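Form predicted alone, single chain, as structure tokens, below.
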Amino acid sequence: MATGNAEERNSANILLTGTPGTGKTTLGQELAERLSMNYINVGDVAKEKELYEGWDDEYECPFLDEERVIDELDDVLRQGGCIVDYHSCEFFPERWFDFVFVLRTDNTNLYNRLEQRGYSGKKLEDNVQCEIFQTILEEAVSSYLPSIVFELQSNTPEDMESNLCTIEEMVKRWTSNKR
């Protein structure tokens, strides 16, 4: 029976993670188009399928049911060719991903982006603190092989284009090594 490990897939799986506001969705959608890959925004899937297990009054958002998310996405990720976008990463099975890209944004840019989204108070401050303390980067490094975790700056349109080119090249190299 196939386990969905990289050795058995012909197409790579990518995880784009980072603090909210770092540009995961913009990067993921553009990458999916350029590489003809399946883009999966975990927040959108959770909302569409109601994969929640309660409500967080403090942050005014639902609690994700991580087990149900894994069950929902497992079959498609076993096939490969997916770009997964989510602000957390430690609960995803290690076998799913060939690349984990952690997007990082300087605090002023991040603060402004989150404020424009309507974040305020504790939610805004906690997300900026998360970026300052590299919480998502540390989570990724402790959850996946260090050889597949990459930190990318995401402050400017030039960073975006550079990140697109870097990831495209890495995926093409991975794919050619599978042949």
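Numbers follow the displayed sequence, beginning with 1. Computed from a prediction, not measured in an experiment: that's the story for all the values here.
Another form exists, predicted together with a small molecule; not displayed. Remarks below refer to it.
Participant: Can you work out whether Lys123 and the small molecule are in contact in the model of the complex, taking contact to mean some heavy atom pair no more than 4.5 Å apart?
Facilitator: No, Lys123 is distant from the partner.
Participant: Would you please decide whether Ser143 lies within 4.5 angstroms of the small molecule in the model of the complex, comparing each non-hydrogen atom pair?
Facilitator: Ser143: no contact with the small molecule in the model of the complex.
Participant: So, Ser154 and the small molecule: in the model of the complex, are they within 4.5 Å at any heavy atom pair?
Facilitator: Judged by the heavy-atom cut-off of 4.5 Å, Ser154 is in contact with the small molecule in the model of the complex.
Participant: Wondering, does Thr135 line up within 4.5 Å of the small molecule in the model of the complex on heavy atoms?
Facilitator: Result no; Thr135 lies far from the small molecule in the model of the complex.
Participant: If contact means any heavy atom within 4.5 Å, which of 25-33, 65-73, 126-134, 42-50 contacts the small molecule in the model of the complex?
Facilitator: Of the options, only 25-33 has residues within 4.5 Å of the partner.
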